[in-house]
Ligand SMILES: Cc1cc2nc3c(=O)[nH]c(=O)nc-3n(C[C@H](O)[C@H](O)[C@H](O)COP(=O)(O)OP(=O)(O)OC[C@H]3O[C@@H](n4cnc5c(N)ncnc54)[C@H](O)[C@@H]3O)c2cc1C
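Single chain ahead, by itself, as structure tokens, in the form predicted alone.
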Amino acid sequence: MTEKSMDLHFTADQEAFRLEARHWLTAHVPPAGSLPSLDTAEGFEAHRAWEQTMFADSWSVVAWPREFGGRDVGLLEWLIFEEEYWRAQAPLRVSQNGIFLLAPTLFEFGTPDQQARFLPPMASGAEIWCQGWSEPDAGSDLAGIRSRARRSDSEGGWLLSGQKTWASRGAFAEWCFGLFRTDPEAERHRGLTYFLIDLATPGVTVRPIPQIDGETGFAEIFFEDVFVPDAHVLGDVGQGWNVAMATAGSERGLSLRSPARYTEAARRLVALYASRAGDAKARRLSGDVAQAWMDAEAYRLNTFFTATRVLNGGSVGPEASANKIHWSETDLAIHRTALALLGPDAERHGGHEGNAWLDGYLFALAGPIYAGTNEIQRNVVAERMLGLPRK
């Protein structure tokens, strides 16, 4: 494959890999909806057990080196696996913050000791990670964080103080990655350092944040002179912004949201439309259904194009921001159209089909906000991709 001419056909080995993954998933995926919500203590542990089942047969992180629990296959094989994973309606990945966001950053910036220490328990689900980005006065403005870390030479590390909020998976996670200001006199994007923090360390207080349904998918985390050793600094001291941008690139680009999530939802949307095509209201929505399907497929093709560029030595770059806008708005469009097709049925309870679509819609509403609001991403696209001047 080259960037100018992309072969959309898979090799015989890749198709064999797909078939192997499909067979394993068919044999092992629990029935859809059988696990409790991962935003509850019971569900969190049930999803952790699923991660351990995958890890035991080397399916949890297929693209990683074998020494860390992977299969040492390529980026395209990972995308193939994701297609099969979503086709099988497998459980959501409770370890996604670690394996999809932190792990690529560890591969790029981590020392061999850090990789050996953190990657295997991340892959197995033994240690689940949460994000320590947002703060009460610094949401999408990551450079505006105020949480600080001061040097403790006598202990060989740092003392962290401050507060993080909206920490995804924070209510039940064991570890947190995030930015702290190590030089309060430095400019906004400088003097930041990226830390890996054990949440069992004295001085850490985790307060779950109930969502509208009462479940705790997020938490706020307070740090009071929390000691973090030098060995748990990722990248260079004071260069945390560059490290964090690598994580953000994974969050907005290839890693966090594989296209299979949306192509599978679009396939279900088409099936829903077909089941109601005799209804006049449904027929009026045919254009919206077709557009949602095309947008999901466009994201899939663009992701394979991006993966090809990366495999040829390129990088994701600021295009990750355009990517994030597209997948978040596609997700919303798919679910809005489904709810319009369902009409009042979308509000029925008791295991009705509308429940899944309504739950998906409520989650999709957060898409334009998390991973950096779409307003911020449009600024990035304007300035870094289109070369437009700042206002």
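Just count from 1 along the sequence shown to find any residue number. Owing to the predicted nature of the structure, the values given are computational and were not obtained by experimental measurement.
The form predicted in complex with this ligand is left out here; the points below concern that form.
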Task: in the predicted complex, the one of W133, Y85, W158, F172 near this ligand [non-hydrogen atom within 4.5 angstroms] - done: W133
TODO: Note which of F222, W78, W166, W293 lies within 4.5 Å of this ligand in the predicted complex, where distance is taken over heavy atoms; exactly one does.
DONE: W166
Open item on the list: How about A21 - does it come within 4.5 Å of this ligand in the predicted complex, if we only consider non-hydrogen atoms?
Closed with: no
- [ ] Spell out, yes or no, whether the shortest heavy atom distance between A382 and this ligand in the predicted complex is within 4.5 Å.
- [x] no
Open item on the list: When the contact criterion is heavy atoms within 4.5 Å, does F17 count as touching this ligand in the predicted complex?
Closed with: no
Task: Distance check, F109 to this ligand in the predicted complex, heavy atom within 4.5 Å - done: no
Task: Heavy atom contact within 4.5 Å of this ligand in the predicted complex, the stretch among 158-166, 67-75, 297-305, 265-273 - done: 158-166
Task: Triplet Q211, A366 and T373 all within 4.5 Å of this ligand in the predicted complex via a heavy atom - done: yes
